[in-house]
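Below sits a lone chain in structure tokens, taken as the form predicted on its own.
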């Protein structure tokens, strides 16, 4: 199926139901379809719709307009430094570039940049008829995902991948007319995209938080009678902290899902206590799998917290059980499947699994995708994630490439070697620390090195701590033994 089919389903199934917006921007199913067709009519010969900006109440119109026009939707990280932001946009020549008012002046591309609100206000009331392609093998969304190098990869999600995820995990029209979801995850994150699609499919009103603030999040849940919400671990930690030990007082909130990185058990148990009437859901997935592939549901959370059985309580740290439409294998270093309870590399297979980049597919001959996460599945089917097999730091749900920070450190005249790692942290999931070796005869204060990084990169990529070492561990072939640096820095915390 094609995402354009979802537009027609929404129009007929939710014609008078409010699907988007707050009190001043309400959009029904009928109006949704009209806006999508109008948006598609503005695409013309453009190759894609690129969106660079924060969340917006009518953001789904851009995605579905792209689908109706038969071009990809490409949300980019507007928080990047200008040269990185523009390099990503430059990968999409001939695209219709939409941006929020703050980001638009930062963009330098061959064509014009249109402020998203201006684009919405200019949509024709009586657009020409456009027939969508309905080819489910066409690319629907391109998401940029960071790995161990500083150059992001273009992950491709086709219509069939996204629709397989929706049809396999969401009931069409399953939400009641009173239900509303609060989306505070940025639009360039797979979780933000999945929230947009799954809640539209369910018929649940989408309310967007333009930028996250814990007090504003709580106020919006109460003021908009939010029934469902999704946060990344850093957001959950900040919400818990803002409550100061008091019960959340969010009577309408039925479900709170979290994902994107590991949550500290202390933060999670505090959250369960402060949201006593809310069901918690841990969702594990990847960009390349079109979002969620495993879920730890509310009953599992309650059972784990209340149980004296260590095996059941341990499930609180799991990603839950794999969805029935996804196959999983845990493999050893020889690519052989491992038995229950053994840790190895996680491989996935299923209709929603893309495993494809602009450079080509990375699926093996039998359709398996290597997640580059290490984990295990216990005898009861619960998936436990040990961590990334590569070196990516996940800070606040954001993937950060150590190589990018190391390059900046090595550019300093006093630095001979540098190793950047992620140290576990209750609030951020991981914080950034670095070990450096100075050149002979050089002296520099670690705080000056931190300022050097901050001046070249944004604050979220600045190491929280830099330690000066006499030497760093290497293999015989000269490769940095990052795991030893990580262990040493963690021990010296």
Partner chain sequence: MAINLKPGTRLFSAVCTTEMIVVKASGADADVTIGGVAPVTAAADRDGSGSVVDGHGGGASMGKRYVDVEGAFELLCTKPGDGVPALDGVLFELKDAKPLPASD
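Numbering follows the first chain given and starts at 1. Please read these numbers as outputs of a predicted model, since none were measured by experiment.
Omitted from view is the form predicted together with its partner chain, to which the following refers.
Mapping the unseen interface onto this chain, residue 487 falls outside it, with no heavy atom inside 4.5 Å of its partner chain in the predicted complex. Heavy atoms of residue 12 reach within 4.5 Å of its partner chain in the predicted complex, making it an interface residue. Its partner chain in the predicted complex comes within 4.5 Å of a heavy atom belonging to residue 167. When its partner chain is considered in the predicted complex, residue 324 lines it closely, a heavy atom lying within 4.5 Å. The candidate site formed by 198, 257 and 292 is fully in contact with its partner chain in the predicted complex, as each residue has a non-hydrogen atom within 4.5 angstroms of it.
In short, of 316-324, 392-400, 342-350, 237-245 it is 316-324 that has heavy atoms within 4.5 Å of its partner chain in the predicted complex. Residue 298 is the only one of 298, 367, 381, 127 with a heavy atom lying within 4.5 Å of its partner chain in the predicted complex. Distance criterion of 4.5 Å from any heavy atom to its partner chain in the predicted complex singles out 171 from the list 332, 171, 219, 118. Along 225-251, these residues reach a heavy atom to within 4.5 Å of its partner chain in the predicted complex: 228, 230.
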